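First, one chain by itself in structure tokens, the form predicted alone.
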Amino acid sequence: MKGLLKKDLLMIVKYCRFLVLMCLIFAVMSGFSAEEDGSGNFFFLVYPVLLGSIMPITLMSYDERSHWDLYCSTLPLSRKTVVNERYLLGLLCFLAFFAVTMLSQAAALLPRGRGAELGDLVGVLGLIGLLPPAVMLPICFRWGVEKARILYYVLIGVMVAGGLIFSQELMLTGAMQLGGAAWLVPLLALLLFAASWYLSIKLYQKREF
């Protein structure tokens, strides 16, 4: 698995440098966009964690174009290992951009006495970051990114639009006060992510190239 992770990290450096840079910029800017009334631009919060979590799907697209899957099937690697590496990479990318975003938010909110909002952000960003890959990765592992491209774009469009509208509404109305329930949201997202992980393993083991 170390070799697969190294390969994907090299691909990110080569093909996704600009995307990573944009995610980092947006994550930092999310702190500057936090306004006193809580109506800051929530797009800066959503963009980094969402793009980070679906990074494996972007890399899968590059792999399919170069027929990496066919070559990988000749290596002494189980399909379960391939799926595990993709999910682990997605989780690491999500956590990296999530951490930068939360640090930026903490630097902006704590001095204003709005530290309670950080717990709510953990729940909302956890759901927005983990739900899209949980839905899309099994589809991509079953049919491939190219064959599932239309459904892929429809799903990502619906999720991005729905997440932005829902999250922005919460911010504008001040309704994002989940209290102790805020921690149940990322827990639910993690459970869905784990179920998706298991499903992807089963689907990819049955896939024919």
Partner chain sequence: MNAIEIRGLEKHYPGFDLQLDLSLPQGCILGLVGENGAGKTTTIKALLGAIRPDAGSLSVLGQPVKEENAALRERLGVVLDDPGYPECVTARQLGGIMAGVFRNWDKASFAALLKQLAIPEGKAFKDLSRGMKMKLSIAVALSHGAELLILDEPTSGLDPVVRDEVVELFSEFTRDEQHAILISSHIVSDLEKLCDYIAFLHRGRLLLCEEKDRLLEEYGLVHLSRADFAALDSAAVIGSRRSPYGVSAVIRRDAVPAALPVEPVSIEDLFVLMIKGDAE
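Residue numbers count along the first chain shown, from 1. Treat the numbers as computed from the prediction; the structure is a model and nothing was measured.
Absent from the display: the form predicted in complex with its partner chain. The rest refers to it.
- Checking 91-99, 76-84, 107-115, 126-134 against its partner chain in the predicted complex, the stretch whose residues place heavy atoms within 4.5 Å of it is 76-84.
- Proximity of Leu10 to its partner chain in the predicted complex falls within the 4.5 Å heavy atom cutoff.
- Remark: Tyr15 counts among the residues lining its partner chain in the predicted complex, judged by a heavy atom distance of 4.5 Å or less.
- Heavy atoms of Trp68 reach within 4.5 Å of its partner chain in the predicted complex, making it an interface residue.
- If you take 191-209 and check each residue for a heavy atom within 4.5 Å of its partner chain in the predicted complex, you get Gln205, Lys206, Arg207, Glu208, Phe209, in sequence order.
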